[in-house]
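One chain comes next, on its own, written as structure tokens: the form predicted on its own.
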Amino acid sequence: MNGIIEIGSWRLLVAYFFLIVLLILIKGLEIGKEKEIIIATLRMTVQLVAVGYALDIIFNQSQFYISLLILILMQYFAIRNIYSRVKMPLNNKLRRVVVFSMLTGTTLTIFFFLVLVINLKPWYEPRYFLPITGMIIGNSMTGISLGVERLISGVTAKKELIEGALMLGATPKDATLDIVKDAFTSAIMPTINSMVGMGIVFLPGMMTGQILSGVSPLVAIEYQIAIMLGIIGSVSITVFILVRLGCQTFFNRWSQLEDTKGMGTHPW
């Protein structure tokens, strides 16, 4: 069979049968989440349809300033999403560290990947630039969210141990080393765990999409391996910058641990 099988509008509507099944199960179990599920499904549908039309227009333009603008918007909403995901209060210094680590780690990885790994010419070709950028930024966003939460909870829970170490002459870096290690490990483990099951437990989305579109499975595998290595590189860089610089925000200029309970909650 050559080409891709088009689902079509009517058959797509048939897929909503699974939503009906879910609503019936939720109703039977008296969970009371029907409204949230319907809203989530409607939002998904509207958002994806809108993105589909937008991408169709963007792919026909292929202008570098459009790709850069979308990159900026992705970064902006990713950082906003990090702030909303983290339930613990963030002070302004830690917020700036989040911005710096996110922008630095993802931007370096994106352009390294596009220029040196897949040799994209021009580098801003939206058909490649946008999906790859989205995957790298999305996974890094998740990693930073986990890293920030573990960093704050670690410093808060071990406040007395940190202060004791400082009194004995330890530097802030030494006093928080275990917390940094734990936060870094916790943030990158979801990405590593997904890599372990790839190819045996499940076929990742990017590879599945390419195969369905008619690309050779061997070519799809090359792209999937490359993008996963790019993702783990971006997550590692962003989280490392975050935990290293983030720990410093808990100390004042005299290397004293500041109050972790009164961290500012100013909006973006």
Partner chain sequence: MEEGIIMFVLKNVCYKDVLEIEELVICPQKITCIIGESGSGKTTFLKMLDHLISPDQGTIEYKGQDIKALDPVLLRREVILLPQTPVIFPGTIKHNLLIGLFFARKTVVDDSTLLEIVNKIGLKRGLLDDASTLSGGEKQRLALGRVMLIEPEVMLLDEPTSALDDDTEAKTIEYVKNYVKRRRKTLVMVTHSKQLAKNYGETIVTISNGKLVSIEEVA
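No experiment lies behind these values; they were computed from the predicted model shown. Numbering follows the first chain given and starts at 1.
Keep in mind that the form predicted in complex with the partner chain is missing from the display, and what follows is about it.
Screening Leu120, Ala170, Leu108, Met88 for any heavy atom within 4.5 Å of the partner chain in the predicted complex leaves a single hit, Ala170. Exactly one of the stretches 162-170, 122-130, 147-155, 67-75 approaches the partner chain in the predicted complex with heavy atoms within 4.5 Å, and it is 162-170. Remark: Trp254 counts among the residues lining the partner chain in the predicted complex, judged by a heavy atom distance of 4.5 Å or less.
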